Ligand SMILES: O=C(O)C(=O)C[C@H](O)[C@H](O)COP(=O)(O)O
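Next comes just one chain, in structure tokens: the form predicted alone.
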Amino acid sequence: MSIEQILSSAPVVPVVVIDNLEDAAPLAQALYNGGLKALEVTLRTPVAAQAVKIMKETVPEAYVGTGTVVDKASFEASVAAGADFMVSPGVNDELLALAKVSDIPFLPGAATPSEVMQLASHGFKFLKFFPAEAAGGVPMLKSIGGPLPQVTFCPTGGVSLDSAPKYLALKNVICVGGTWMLDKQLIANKDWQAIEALAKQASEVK
């Protein structure tokens, strides 16, 4: 399993924040049923690592990964949770060293040509472009694609249902990361059917 396989499984990777552990299983099922095959669970809440295990058990066919992997502690928590992949908002020497000796696919983040070049020199062909909208959005990625065509991106951060197709139209974009299908009120109301409908809409974005 490669990061390319994971990122190409659907046009959108939902970026999931789990506050209540009881939501993990039905939410994973709703997203997967809607056609979103790769789920990124951010390690921003105390129950996130536990949620990854539950989601993997609920939908074993899905790729369940971790996001906000920023240091050794979050990297090791991801490994312990059985993450299928890991995503970082940026990169540092510690993460690079850990990623090199791990079999788990790693998607590091970059926002500038220099960061892209640095990660490309370490062998990374797929990167998270973050924060996508704040860092220049579609025009920025299009510009980076000129001198650095060998790198492909998953733009995340401020991407919406409206802007997703514009990103996906770029040659150097494999998928986008987003949260618009994870409406907090719908999750609070446990309206999994509505979440599934939003996921389906996202999975059909072109």
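No experiment lies behind these values; they were computed from the predicted model shown. Numbers follow the displayed sequence, beginning with 1.
Below: the form predicted together with this ligand, not depicted.
Novice: Decide if the three candidate residues 2, 82 and 105 all line this ligand in the model of the complex, where lining means a heavy atom within 4.5 Å.
Specialist: No: none of 2, 82 and 105 comes within 4.5 Å of this ligand in the model of the complex.
Novice: Please pick out the stretch from 164-172, 52-60, 38-46, 137-145 that is in contact with this ligand in the model of the complex, where contact means heavy atoms within 4.5 Å.
Specialist: In the other structure, the partner sits against 38-46.
Novice: Residue-level contact is defined here as any heavy atom of the residue lying within 4.5 Å of this ligand in the model of the complex; does residue 158 satisfy this criterion?
Specialist: Residue 158: contacts this ligand in the model of the complex.
Novice: Against this ligand in the model of the complex, would residue 15 count as a contact residue? Criterion: heavy atoms within 4.5 Å.
Specialist: Although this ligand is absent here, residue 15 would touch it in the model of the complex, with heavy atoms inside 4.5 Å.
Novice: Is the gap between residue 29 and this ligand in the model of the complex 4.5 Å or less for some heavy atom pair?
Specialist: Outside the cut-off, so no.
Novice: Check whether residue 130 has any heavy atom within 4.5 Å of a heavy atom of this ligand in the model of the complex, and answer yes or no.
Specialist: The answer is yes: residue 130 has a heavy atom within 4.5 Å of this ligand.
Novice: Which of the residues spanning 49-88 lie within 4.5 Å of this ligand in the model of the complex, based on heavy atoms?
Specialist: 67, 68, in sequence order.
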